[in-house]
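Heads up, the chain below is alone and in the form predicted alone; it's given as structure tokens.
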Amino acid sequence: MKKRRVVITGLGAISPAGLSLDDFWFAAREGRPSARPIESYPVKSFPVKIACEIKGFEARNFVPASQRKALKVMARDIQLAVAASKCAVDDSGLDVASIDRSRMGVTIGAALINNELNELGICIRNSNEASGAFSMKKFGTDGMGSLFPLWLLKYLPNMPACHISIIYDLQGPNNSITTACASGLEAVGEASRIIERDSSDRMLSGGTDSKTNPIALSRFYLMNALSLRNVPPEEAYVPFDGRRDGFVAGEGAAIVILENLDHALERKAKIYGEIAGFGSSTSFNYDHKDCKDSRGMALAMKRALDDADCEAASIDYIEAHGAGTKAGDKLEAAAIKEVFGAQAGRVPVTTFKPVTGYLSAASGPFGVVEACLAIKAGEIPPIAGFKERDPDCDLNCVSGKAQKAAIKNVLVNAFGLGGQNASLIVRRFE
């Protein structure tokens, strides 16, 4: 059966750059990092003092009045996804109430959703013996018993897709993908294939994550993945730069509306681009601190190119994963050189991550959003803060100002710290 063409007709982005698509694009094309001193909780005794936090976000402003009671069982990651979904639907001009909702579904990439300290703290406190020592036995009785009855529903990674489908009464395919930092791009790729095989006409897809939570920060710190260059904050996260020493945690959600081309044309929708190809792979025994095998990353890119029936030389720029770790960026650079060969030094490379911080499950969809906006504007945004070329990452990194370009094909990468890899090609619609 011939594959149906899949186009992108709506974009939504909630990020540290702002609460709108325009805010994100302005910061991206101007190369404005969002890293700032952490304000949400005290960090005096913690070695990491900066993050990319979203300011002024009120979830109730993005949720219908009839659904606001559900906010109490939405962790921040879920709230961000719901908000970005509303932005994407509004941007698409799609009247969801007037379509066949059994033919529209949801696929969202999410990761481990971290508990809020005020809830977890009560649980731990009630699990202590009289001596102050923690008791696993008491944790199973007094500790867990102190949590509110629907507590678990607040932190399940499948709940972003569930809440979105409930709000819009979407009855089509519904799925959640949790493959670490590749989750969101895997979700978009899988959603496009659902439409390709005629299992749905429209999909709402993307990723969400909040890694500014103190538990998430502690986990990344123990992994030696965070930048410890806290001052000045805006220079801390510099992917592919010789000064890089890790990433700065961020939070946000990016959601796209995917449609079968015929349906998009029928309703005269604006079309940002087309999903031309998708590839996925796993890197065996991946260790983000000491991994010298780039074959998994290269394989994901090659599969996306093959799926798009596209030569590497036809890619106009790469929306790189750009982890910002010493080993991670070196590995991605090696994979790009393996795939692009002699063209590796020609193709422009950028990444949005210094603008939003490291977004884990939401990383790939933000790359898709930036690719769509870059195609529309005819500009490749720079890597914010990039200054020093690293011989280990000798790519054609875009720096300084946005680079004018006629863009047809963009390769978007999202590579997980655990070795999950995804690549997707966004093509200008013609």
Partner chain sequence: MGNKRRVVITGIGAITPLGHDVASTWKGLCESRSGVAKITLFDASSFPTKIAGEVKNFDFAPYAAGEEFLGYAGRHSQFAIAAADEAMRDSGLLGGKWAPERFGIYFGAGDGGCDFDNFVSLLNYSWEGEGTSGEIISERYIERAAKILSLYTELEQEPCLAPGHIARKFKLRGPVFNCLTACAASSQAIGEAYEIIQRGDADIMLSGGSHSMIHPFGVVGFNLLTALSTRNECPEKASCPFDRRRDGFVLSEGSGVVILEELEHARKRGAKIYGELIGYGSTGDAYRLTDTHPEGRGAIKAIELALKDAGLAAQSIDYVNAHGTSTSVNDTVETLAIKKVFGDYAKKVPVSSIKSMLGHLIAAAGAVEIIACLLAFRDDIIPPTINYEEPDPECDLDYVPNKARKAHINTAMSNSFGFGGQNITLIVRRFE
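The term rigid core refers to the most C-alpha atoms you can superpose between the two forms while keeping them within 1.5 Å. Residue numbers count along the first chain shown, from 1. Keep in mind it's a predicted model, so treat the numbers as computed, not measured.
Quick note: we don't show the form predicted in complex with its partner chain, though the next part is all about it.
message: When the contact criterion is heavy atoms within 4.5 Å, does residue 261 count as touching its partner chain in the model of the complex?
response: Although its partner chain is absent here, residue 261 would stay clear of it in the model of the complex, with no heavy atoms inside 4.5 Å.
- prompt: Contact between residue 98 and its partner chain in the model of the complex at 4.5 Å, heavy atoms?
  reply: Residue 98: no contact with its partner chain in the model of the complex.
Exercise: residue 89 in contact with its partner chain in the model of the complex, heavy atom 4.5 Å: No, residue 89 is distant from the partner.
- request: Consider residue 173 of the chain shown here, and say whether it contacts its partner chain in the model of the complex, taking contact as heavy atoms within 4.5 Å.
  value: Within the cut-off, so yes.
query: Do all of 21, 390 and 429 end up near its partner chain in the model of the complex, with near meaning a heavy atom within 4.5 Å?
result: No, none of the three is in contact.
message: At 4.5 Å between heavy atoms, only one of the stretches 215-223, 313-321, 236-244, 332-340 reaches its partner chain in the model of the complex; which one is it?
response: Looking at the partner contacts, the answer comes out as 215-223.
Its partner chain: the contacting residue among 347, 271, 162, 327 in the model of the complex [heavy atom, 4.5 Å]: Of the candidates 347, 271, 162, 327, 162 is the one lying within 4.5 Å of its partner chain in the model of the complex.
Any residue of 157-196 that, in the model of the complex, places a heavy atom within 4.5 Å of its partner chain: Residues within 4.5 Å: 157, 158, 159, 162, 163, 165, 166, 169, 170, 171, 172, 173, 174, 175, 176, 177, 178, 179, 180, 186, 190, 193, 194.
- prompt: Using the core for the fit, does the CA position of residue 224 change by 2 Å or more between this form and the one not shown?
  reply: Superposed on the core, residue 224 moves its C-alpha less than 2 Å between this form and the one not shown.
message: Once you overlay the rigid core, does the Cα of residue 127 travel 2 Å or further between this form and the one not shown?
response: Yes, its C-alpha moves 2 Å or more.
message: Superposing on the rigid core, I want to see if residue 102 changes position between this form and the one not shown - specifically a Cα shift of 2 Å or more.
response: No, residue 102 moves less than 2 Å.
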